[in-house]
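Coming up is one lone chain in structure tokens, specifically the form predicted on its own.
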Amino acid sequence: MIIDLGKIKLSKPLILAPMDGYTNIPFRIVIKQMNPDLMFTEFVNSDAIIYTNKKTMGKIQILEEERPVAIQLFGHNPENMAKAAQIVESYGPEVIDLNFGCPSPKVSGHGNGAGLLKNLPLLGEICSKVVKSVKTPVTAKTRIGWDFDTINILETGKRIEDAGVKMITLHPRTKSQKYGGNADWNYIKLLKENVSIPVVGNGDIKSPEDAKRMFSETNCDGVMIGREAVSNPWIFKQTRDYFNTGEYIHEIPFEERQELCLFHFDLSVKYLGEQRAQFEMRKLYQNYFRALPNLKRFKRLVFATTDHKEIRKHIENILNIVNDPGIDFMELEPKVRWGS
């Protein structure tokens, strides 16, 4: 099935999932190099959008070179969700997505995200009001239920479809599972068989082979990749190569990893600012350089540095750093402390 989302038409797309704390502008530009079909922003609170919270408004900025991009909203008040969708629409996303799947207690515990799986009439009302309030195609992302005793994905899917939502993404875990256990792809297949709108599968895609298997086993219309894209940004390119040729590069050469890390670092400094960029990149070095021995030497050196130009030099010089047992880490205390 061709996924018709207004300005964009997608055929078996590979999609970057919304991930709080990760899918910001620098990360999306990095992933764009790997040729995804659609990317999502971090999810944003509808109430924070209405009150023009500075940090939240920064999360919905979209650059032309990123497109197509979907902005994901969460909230539990139908009127506020509709109003926020109208505000978000002015930023020009290709898609507005509704979050009915986040399991975080800070989100679901307040009746948002997966918390709405306990109140399907309200979930349906949110979908209906948002769809009617905007011209931009509206999609939704959800889970199979709150817990194993309350699996209600077919009713959820029906309410979403009846409201005029154009596509459903299903992460086939319960809220109570969070990200533990295994995603049960049988529910993706079941949902696909019971709704007429496109279904995108999400969950436990760790390799190109997994993506191909999800398509074949579930008959889903698209595949969304989340955590693996953080640990391996090349997953989209690898998967596309695998689909086209049956082959792909399994181990990305060090030089390419270093080059992409530097590119990511420079983007982070440019769009996030020097201080925030340094903190954001700290959680990514392990992914870029996980094959290197003694990586802790590099990380301890970088974490003790507050000058972004020096950090960039350390990335360029990482091979010498990890291979130098003579570095005295006891001397590596930051000369300037944040907030001083």
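Residue positions are given as counts along the sequence shown, with the first one as 1. As the structure is a prediction and not an experimental result, all values here were calculated from the model.
One more form of this protein, predicted together with a small molecule, exists but is not displayed; see below.
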query: Asp37, Glu42, Glu280, Asp47 - the one with a heavy atom within 4.5 Å of the small molecule in the model of the complex; finding: Glu42
query: Listed residue (Ser268, Thr239, Gln72, Thr156) with a non-hydrogen atom within 4.5 angstroms of the small molecule in the model of the complex; finding: Gln72
query: Contact test, all of Ala17, Tyr179 and Gly203, partner the small molecule in the model of the complex, heavy atom 4.5 Å; finding: yes
query: Candidate stretches 120-128, 251-259, 81-89, 225-233, one within 4.5 Å of the small molecule in the model of the complex by heavy atom; finding: 225-233
query: Proximity of Asn99 to the small molecule in the model of the complex, heavy atoms at 4.5 Å; finding: yes
query: Lys141 within 4.5 Å of the small molecule in the model of the complex, heavy atoms; finding: yes
query: Non-hydrogen atom contact Lys175 with the small molecule in the model of the complex at 4.5 angstroms; finding: no
